[in-house]
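One chain comes next, on its own, written as structure tokens: the form predicted alone.
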């Protein structure tokens, strides 16, 4: 694999992102095919006829639980571009929800899957040893705080891995309570749902027990109306002194479950004192620290793990999404003395350690490391953040710009003073229609997340930002200057003569 021509200069041991004037420009890797370099390309207004046909069949036979915004049907993807069945090509700012960190269709991952499938697909890993399972476990240990985390359990998703982490924590500590945070997202099934705060995901699934929720260090919307650093991280002192001591728990705290950078909660980057505070809190209370790095891991923030930014080693680290390179895979990597407490048969997964999972995971992580994608994420992220903050000066519906690496959140408000949230459904649709795929986040659905593949080029960034700003301008113009109410129909005019909204 040929490394990218433009490589960001060495960080030289710095523990923070370098200033924007040190950012170099990036090209797409050589392996990206021609069609995926010419995005966006809208040949037919999406959704096109073939997409509409498939969407119609999907609505009849597939569960309505999926919360879809894009109405096109995906056909293929490569690099940082996605194509639909009608010939449209979109710039991807989603990475398939932070999965395709090394790019869609990375040849190393594709070849690993092909090669492994010819020899073995199901490795029967619950009962038989498999070389690639041991190899991937070693790789994950090597990149997790220099091997200080050693002992990996493989499952099939991030949510499953969160559940395994909670089970291991209770097994290890003989305690049963957990602390999670407002805005947290750890999955929608089993124990993972216990730790997820959003009512939409929890509604109708009670009783959900043994989880105490506390404020996350969401400084833009501080519930205490304070400012960091003068607040001295008051939210954490509130958690410790009020939530935990005055009726929140019963003294049986097994673990704190936390995202070092909140994902679905709004791409929230807490102050650098947040994770170290939790580390000390856990140590003082005989609890474990579980870092959910499902969305923030594998180079997304400019480090292999977001926890590294504050040098905060968790007791159990949860990986998912990007760890499998597009193949369903979740994993927990724990301190060896904790993982060894699990006896044979204490936990299991029929497909965890699957041969295809392991081959894809090894190839994807190797690509991230050898192509220096974490530091590329820093350089590209600095460039995007600088451009977004310039955009923020022009458009007052942009309330906050935050992020690390290529995990960037842009929070939109109707009014900067009141911070009233601005729903982004129409913004997302408008971007999509112009050829840019985006995802929203946040408790109020008012945060646009920018999480493209780490191999995205500067040219694609510029094209995406141009579309993005054009839509921001449209939305602000509509908000500040709403169209006049339509005049009533003339007498005798049939209602059928009025233009009806398009449906898909």
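Positions refer to the first chain, counted from 1. Computed from a predicted model, the values in this text were never measured in an experiment.
Below, we refer to the form predicted in complex with a small molecule, which is not included among the displayed structures.
Note on the interface: of 398-406, 365-373, 292-300, 349-357, the segment with non-hydrogen atoms within 4.5 angstroms of the small molecule in the predicted bound form is 292-300.
Contact check for residue 153: no non-hydrogen atom falls within 4.5 Å of the small molecule in the predicted bound form. Of the heavy atoms in residue 187, some are within 4.5 Å of the small molecule in the predicted bound form. Residue contact with the small molecule in the predicted bound form: residue 321 places a heavy atom within 4.5 Å of it. The shortest heavy atom separation between residue 157 and the small molecule in the predicted bound form is within 4.5 Å. Only one of 133, 315, 259, 84 comes within 4.5 Å of the small molecule in the predicted bound form through a heavy atom, and that residue is 259.
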